[in-house]
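Here we start with a single chain on its own, the form predicted alone, put down as structure tokens.
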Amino acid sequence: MATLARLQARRLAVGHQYYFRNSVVDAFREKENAAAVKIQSWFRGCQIRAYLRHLSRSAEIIQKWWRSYLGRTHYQLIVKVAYYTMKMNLYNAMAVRIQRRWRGYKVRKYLFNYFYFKEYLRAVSETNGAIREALEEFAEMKEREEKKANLEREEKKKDYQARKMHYLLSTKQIPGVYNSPFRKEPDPWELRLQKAKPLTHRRPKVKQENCTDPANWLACTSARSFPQSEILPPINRKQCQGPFRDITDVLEQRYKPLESTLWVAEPINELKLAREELRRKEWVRNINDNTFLPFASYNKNKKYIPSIHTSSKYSPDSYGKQHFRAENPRKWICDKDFQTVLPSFDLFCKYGKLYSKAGQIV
């Protein structure tokens, strides 16, 4: 009991002592941690700078060799161009010399030969005169032919106009427009109307097409369905004057095409054709038309083709297979791990953990 009383009396002092010791340890721990971080950052900076210097030296060596290669190739190209230019200049000088000799010889032999030049001009003048006479004769002939064609064209127009105006011809009882009794002589158009024949209106021929469509009524007029009568010859009579319709319009209105019902218009195998059309559209939309057989050994011997996202030209992509911070010992610079300067503390393993009021680690 006495011991328990002494412990209860010293309870506050023990609590203060425990809190003071923990605060001192925390301060010392923060100081040691900052020192360790500074040492590690300095060492890693030295290591990275050494590696960057190594990469810089390697890049300089590669650039030096590559630039030397480019310089040699450029120099060789300049030499080739200079050689080709010298050779072409030599060839041009030789060609100029040959041309100079030939032109001098040609001028001395042909251009300054007076008698040859006089004979040449006489032959040219005679040829020009003959060609000019032929062209004049050809132009006169063309002009005569054009005048003749114009006269024939005008005569045809006048004859056609006379045939259209044949109803203006004078009769025994009534004189025409061009045969007025007030004139001494009849008009030349009166004589032309007497010679011309009246213009008749031809009936347009209706073309019969060989069509097998039951919707067309004219296609049903065959020897098996209806007796087809022969076409009568046209009657040479004048067209009726007044509010009468053309015979083609009347026939077109009389023989209208049959309006087929739904049973006749739609085919019998419409459902089959629709299914084939649907199957054809589905086949066009499908990218892979191979049948999927999960429980068969159909695809056992086929080679696996990796997708684009899981493979590359150099090495397979590790996305989704490995962690981003996975360690690769083959890429390490040294085989040994970093060595700590100070020994480890047991208290550091509890760093970041909470303490309860009773001093127990939660």
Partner chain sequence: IHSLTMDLWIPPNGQEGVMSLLRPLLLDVVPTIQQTAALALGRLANYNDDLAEAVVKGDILPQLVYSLAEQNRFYKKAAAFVLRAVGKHSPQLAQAIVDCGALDTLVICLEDFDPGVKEAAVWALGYIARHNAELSQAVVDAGAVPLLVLCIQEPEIALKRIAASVLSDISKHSPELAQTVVDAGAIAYLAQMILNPDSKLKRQVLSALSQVAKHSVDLAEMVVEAEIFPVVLTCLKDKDEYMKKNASTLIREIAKHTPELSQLIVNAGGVAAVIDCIGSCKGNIRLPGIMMLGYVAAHSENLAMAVIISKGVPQLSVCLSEEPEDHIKAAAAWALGQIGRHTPEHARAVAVTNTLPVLLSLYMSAESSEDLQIKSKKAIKNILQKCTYLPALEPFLYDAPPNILKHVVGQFSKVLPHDSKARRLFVTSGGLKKVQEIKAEPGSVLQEYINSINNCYPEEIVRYYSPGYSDTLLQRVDSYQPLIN
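All values reported here derive from a predicted model rather than from experimental measurement. Numbering follows the first chain given and starts at 1.
Below, we turn to the form predicted together with the partner chain, even though it does not appear here.
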| property | result |
| --- | --- |
| Sole residue of 89, 253, 127, 150 within 4.5 Å of the partner chain in the predicted bound form, by heavy atom | 127 |
| In the predicted bound form, the residue from 143, 185, 154, 270 that sits within 4.5 Å of the partner chain by heavy atoms | 143 |
| Interface membership of residue 132, the partner chain in the predicted bound form, 4.5 Å heavy atom rule | yes |
| In the predicted bound form, residue 136 touching the partner chain (heavy atom, 4.5 Å) | yes |
| is_contact(residue 120, the partner chain) in the predicted bound form, heavy atom dist at most 4.5 Å | yes |
| In the predicted bound form, segment of 112-120, 91-99, 170-178, 70-78 with a heavy atom within 4.5 Å of the partner chain | 112-120 |
